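Heads up, the chain below is alone and in the form predicted alone; it's given as structure tokens.
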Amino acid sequence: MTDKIISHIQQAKNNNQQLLAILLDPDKLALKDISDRILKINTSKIDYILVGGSLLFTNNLDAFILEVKKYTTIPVLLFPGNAIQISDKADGILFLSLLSGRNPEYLVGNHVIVAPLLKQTNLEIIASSYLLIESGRETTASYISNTKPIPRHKPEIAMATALAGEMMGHKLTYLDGGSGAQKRVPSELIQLVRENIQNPIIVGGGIRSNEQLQTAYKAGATMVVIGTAFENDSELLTNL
């Protein structure tokens, strides 16, 4: 295991460099369609590809990642929704603790289950604070995890939660509205978190335009993740 990926993200934060990631959900993208999507990703300014989702109806995670890596050299990171979404075919894993909730399975329970398996891989394991932020409606992530998101009008709660995660040794802070979020994470919330922690901040959920992308960067995001918008419009990246 190396620290190549987290070092790159930390360096980007230090240099005020803006990173962009695409989230691919194996349940929503067929293997036969991967090559076309990756072609569009390769011709745009994408730094990382995240693979995962709140659910996983298909047992093809290894095959999915291998198909992705067949067409690109962009690093692939696991974005696991639960303990079964583990594959040694990726380059790294966001080892997410759902700090915005109080469900022990998503705070540490799933982590205990997969830790011995991860130890046998060469995946770069990146301990990450994961904060769900209210996005206008209940998302799959909040429903499956049986947790409430942080109210979008309470940025101080998000700040204190992110600060706690950093103090516990997490290397990244992920602020997420959830898949298909109606509203993106508020700029004021991102900014308050940015002013109080040193970790690079990842922001996802509800980003559908270049204007919204730039707003997230300006507020303090080092990396922005686009998922549903790219699923719905594969030409989206040409406008970013």
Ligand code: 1GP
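Start at 1 with the first residue shown and count on from there. All figures in this text were calculated on a predicted structure; none of them were measured in a lab.
The same protein has a further form, the form predicted together with SN-glycerol-1-phosphate (1GP), not shown here; the description that follows concerns it.
With SN-glycerol-1-phosphate (1GP) left out of view, the stretch that reaches within 4.5 Å of it through heavy atoms in the model of the complex is, among 178-186, 33-41, 65-73, 192-200, 178-186. In the model of the complex, I9 stays away from SN-glycerol-1-phosphate (1GP), with no heavy atom inside 4.5 Å. When SN-glycerol-1-phosphate (1GP) is considered in the model of the complex, M223 lies well away from it, no heavy atom lying within 4.5 Å. At a distance threshold of 4.5 angstroms between non-hydrogen atoms, G205 is in contact with SN-glycerol-1-phosphate (1GP) in the model of the complex.
The shortest heavy atom separation between L23 and SN-glycerol-1-phosphate (1GP) in the model of the complex is within 4.5 Å.
Taking SN-glycerol-1-phosphate (1GP) as it sits in the model of the complex, the stretch 72-90 comes within 4.5 angstroms of it through a non-hydrogen atom at just one residue, F79.
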